[in-house]
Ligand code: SAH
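Take a look at this single chain, the form predicted alone, given in structure tokens.
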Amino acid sequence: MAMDAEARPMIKRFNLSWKGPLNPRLPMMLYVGKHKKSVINLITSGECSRFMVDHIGTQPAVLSTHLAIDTLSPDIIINPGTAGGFIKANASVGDVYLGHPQVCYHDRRINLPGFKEYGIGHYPTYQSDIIAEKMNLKTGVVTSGSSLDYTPHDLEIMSSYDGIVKDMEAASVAWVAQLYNIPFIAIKAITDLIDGNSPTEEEFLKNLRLASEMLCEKTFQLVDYLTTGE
């Protein structure tokens, strides 16, 4: 997870213990607990010592995921987080989505032969449609970029593959998971409506707590399902 504010409800819900940095030279933090017979490792990207804010975005997500795999050897990787949604896709603030059937990038524009699709990524997700049906969750393509806002060209790229959930980390986590051939699930709660009338940054801050709480509850249910199959 990128932000501490997103992670706090989940740390409490799973009764996780802080174990310190995942690597003593890097800011990523590790929290550990158990759910039934499964070990839960939650990693946050930590705080930037220069600017005193959370390490959000695609670059910290790559590093966090690589460290998690290299250090912890997980059986499955889940990327919970908050995201933007679209009114035109019937999204509302607080809705929770599972990424399906893929997660993509929308701001890696590489107009060279063979590189265009590489830039978008098209990383598949693990059985998210089946799980979403069992859990009564919405599904959609999660699309990632390095900015909180977007350009008209970003929207065109999102539309080209029906991207309806916009975040800043999922595709990067999915890329690393794919390299290691580890199953990946993205679960995202909506904080802001991209095609609404409110500025993204204002809506995000206003709804972060609500979305994080909804994200926590549905992620708990997801882990419970993965653990028990029920």
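In this text, residue numbers run from 1 along the sequence as written. Please read these numbers as outputs of a predicted model, since none were measured by experiment.
What comes next is about the form predicted together with the named molecule, which does not appear here.
Contact with the named molecule in the predicted complex, judged by any heavy atom within 4.5 Å, is made by just one of 48, 205, 179, 39: 205.
Checking 56, 67, 32, 26 for any heavy atom within 4.5 Å of the named molecule in the predicted complex turns up a single hit: 56. Although the named molecule is omitted here, in the predicted complex all of 6, 147 and 168 have a heavy atom within 4.5 Å of it. Look at 59-67, 171-179, 39-47, 189-197: in the predicted complex, residues with non-hydrogen atoms within 4.5 angstroms of the named molecule sit in 189-197.
Using a 4.5 Å cutoff between non-hydrogen atoms, residue 102 does not count as a contact of the named molecule in the predicted complex. The named molecule is not shown here, but in the predicted complex it comes within 4.5 Å of a heavy atom of residue 84.
Mapping the unseen interface onto this chain, residue 2 counts among the residues with a heavy atom inside 4.5 Å of the named molecule in the predicted complex.
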